[in-house]
Each structure stands twice: as C-alpha cells, then as structure tokens.
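In the form predicted on its own, a lone chain appears below as structure tokens.
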Amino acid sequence: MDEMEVIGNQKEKPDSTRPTFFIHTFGCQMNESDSEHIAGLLTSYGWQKGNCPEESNLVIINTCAVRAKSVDKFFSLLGRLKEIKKKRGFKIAVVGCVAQLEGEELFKLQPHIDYVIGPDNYLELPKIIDHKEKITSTTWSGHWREHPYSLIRRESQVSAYVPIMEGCNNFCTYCIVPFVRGREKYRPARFILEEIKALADRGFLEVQLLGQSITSYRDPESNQSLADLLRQVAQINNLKWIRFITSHPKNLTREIAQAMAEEKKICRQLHLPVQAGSNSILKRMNRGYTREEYLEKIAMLKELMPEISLSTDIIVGFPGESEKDFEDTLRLLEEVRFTNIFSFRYSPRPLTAASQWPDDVPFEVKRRRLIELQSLQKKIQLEINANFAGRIIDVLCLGRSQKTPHLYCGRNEAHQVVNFSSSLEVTNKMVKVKITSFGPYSLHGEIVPESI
C-alpha cells in the first residue's frame, strides 16, 4: 500500500580526496539497519557516502530474496548499473539475502559484479574491497557477532533501528528467510541496553527493536524473554516510544502483551503476520497456529489494550487456496480490523517446501484476489481513520513530505503516516497535531503551537 515518504538526510558534497560509496537497499527494516551498519563501517575506514552511483567508487546493493518481485528489481538495477559502470569504472558489491542464496553463481549471471557478501559477513567488507580479484564471502557464524554500534551511520536522528536477534527456526513452507538468514541467534541484552542508553543520551526519542521472529527472543546470557527485555528498555530515561518487529503469532505470549499494556513507553501497536485466514492454508504454510488461536491472541491484546493498533501480512494465491479459503481471509480482515496490511501474491521461493508443489492458482485469480483484499482493507482503513478527525495526537516528526514538501510528515503511536502543517521547524521532534482530514492511507492535520 502506498504511503507518504519523508526526505532523509540532505545530500552531501563529496570530498575529492576520499573514496566514495553508494548503497541501494531493498527489503525490510533489518536490511535498512544492515545498510546503516555498512555505511558506518566504511566511513570509519575513511570512505564517504555518495549521492548516486555516477559519483562513487563502490556501489553496494543490499538485496532481499523474500519475494520474487524484489529479486527481479535487483537484477533490473544490475542491468542499468552495467552500462554506467562501463563509463565510470566503479566496483559493485552485492550483499544481503540474494548474495547468500546465489553465492558465486552471481558472477556467472552478472559478470560485472565484483564482490558477493552474505548478511553474516559485513564486518569483512573493508578488507574485501581492497582486493582486485572477485571475492565471495557467505560463511555462517553460529553465534551473535557484535557490530560496533558507535560506528552506525543512522538515516534518522530521532528514530533508531536496534537489532536484537537474527534468523528464524520456523521454516514456514513459503519462506526463504531460514535459508538466507540462518537459524535464530540472539544478541546479549547487555549490548542492546548499552546501545539504547547511548541513543537516548544522544536525543533519540524512538527505538525499533528488530528480529525476523522477535517474539522468540531469549537473552543468551540470562535466558530472559522479550517481555523482560522490553521492561528493561522502558526504564531508560528520555525515550518516548519503543516498538518491536516482527512478531510470530505462535510465540506471542500473555507476558509480552502485559509488558506492552503496563509499560507506557511501549507503543500500543503490533505487527502480527497472519498470512492467511483459512486453517487448511495455515497448516500447509506450517504456521504453527489455527485461525481460532490467532483470533484468541487478538482478543487477548484488545482485552489488555482496547486502543491497540494492529497490522499484518497476507499472502493470496498460496498453492491449494480455494475460493472458500480466500473468503475466510476476507472475513478475518473484517473481524480483526487491521490498521494496515502488507499483502502479496504468492511467488515460489527457492529451497522452500512450497516451491516443490504445483503453483496451481492462476495468476489472474491471484491478481483478482489481491485487488479484492486490498479494496476491503482500504474501506476498513478509511473507517478507522475517520475516528481520528478532530482529535489531537502525538506525532514523531521525521521531516518534510516528499510528495508535499510544504507539509511535515511523521508517525503517530499507531505507526500511521501523518502529514501536517507547521510554521515552525519541527523535524526530529515529538509534537501534537490536530487531525483535520484523512484518507485511507494517511492522516492530515495542523500542529498545536503550544506543544512545541
């Protein structure tokens, strides 16, 4: 679904005496966080971040393999870079999930690539790019490798990604993540808390804890759970909002929900991917819960936090999905009333169990179901957003709107896009906004001056 974007850091004037890198990132928040780590690491070695490939010595593509569409976009970008490289002579490094999946095969597919680096090997990047020959680095480490957080070059100065785990042990039949991110490994809580305290001291107001299956987090040193960690983070001074993503429904405990309800800094907002509303499809997906069990978790969350905002992921056209299965998904949307959804047509991914099954839902059926699903969700979001009209809400301002530069843009506690007017500079501040209008994908308003 379309959302208003905000302008990030201003373009920088390159220093001709220093080598320059450019990063293009595909994928999720974890990939965005990885790119911030890479940028900081290279900067610490004397490199500078460029504004485009044409002015760079090194172009880094941080890839996502979760959907075929992301992989197609990656190869399309590589094709464009091939022609630019002939004129500019820069090196190309492919990092992330596609690098891990394809390894040295990428050199055969795209000979103009110079380096292939998996997601567990970013720390080696400064050494690797010193080599003139082609290099592949896709080894796995069975334990957490701590990256120096002091070197991270963050895109925002007010909201920070903080990885707390990586990998997944669930092996959903459609999902490639366990094969490109490996098994679950957990970051020690002492490193997490140290980083967040440093961020709060620097004026960051929000932290987003990251993990592919974050609700399974366990501190490897104390065995404390995600709920324990959330409560400790909530005690850190100066923080305003705490979020965590992505949660797996089968590992969402009442203990976690109670921590959310009792600690006011933890946003009453949760992304809880359901993927499908049919028990037969959930079983084929190996999700580990039934429709009824998922709805029980939703009821528990709403009992503890009646105002909670929920979002989800949904796949349409999974192998074997009937019209009844799809109708079950539509009914689940109507029952839960998500504030936002991320919806996709099923596409087979290499190495997964489902890739061995017939992809038996025709493309046109997938397309029609996706349109129908998104149309229903648009109606639900419009109804939800109508309830905000006239209200005054807290908004974390992230900068100017790209599409409407005379307006500021931010997020509320429910993680909804809020575009608003202000005569004062409010970037990177928490402000109060009165909502004056709304659409299905964003809220619109004006700043409350006395809140600044």
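Predicted model, so just to flag it, every value in this text is computed and none were measured. Numbering starts at 1 and follows the sequence shown.
FYI, the form predicted in complex with ligand SAH isn't displayed, but the following is about it.
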Looking at 340, 347, 225, 159, which has any heavy atom no more than 4.5 Å from ligand SAH in the model of the complex? 347
Single option in 407, 66, 426, 417 placed near ligand SAH in the model of the complex, where near means a heavy atom within 4.5 Å: 66
Closest heavy atom of residue 313 to ligand SAH in the model of the complex, within 4.5 Å or not? yes
Indicate whether residue 277 is a 4.5 Å heavy atom neighbour of ligand SAH in the model of the complex. no
Contact with ligand SAH in the model of the complex for residue 212, defined as at least one heavy atom pair within 4.5 Å: yes or no? yes
Are any of the heavy atoms in residue 246 no more than 4.5 Å from a heavy atom of ligand SAH in the model of the complex? yes
At 4.5 Å between heavy atoms, only one of the stretches 175-183, 233-241, 254-262, 198-206 reaches ligand SAH in the model of the complex; which one is it? 175-183
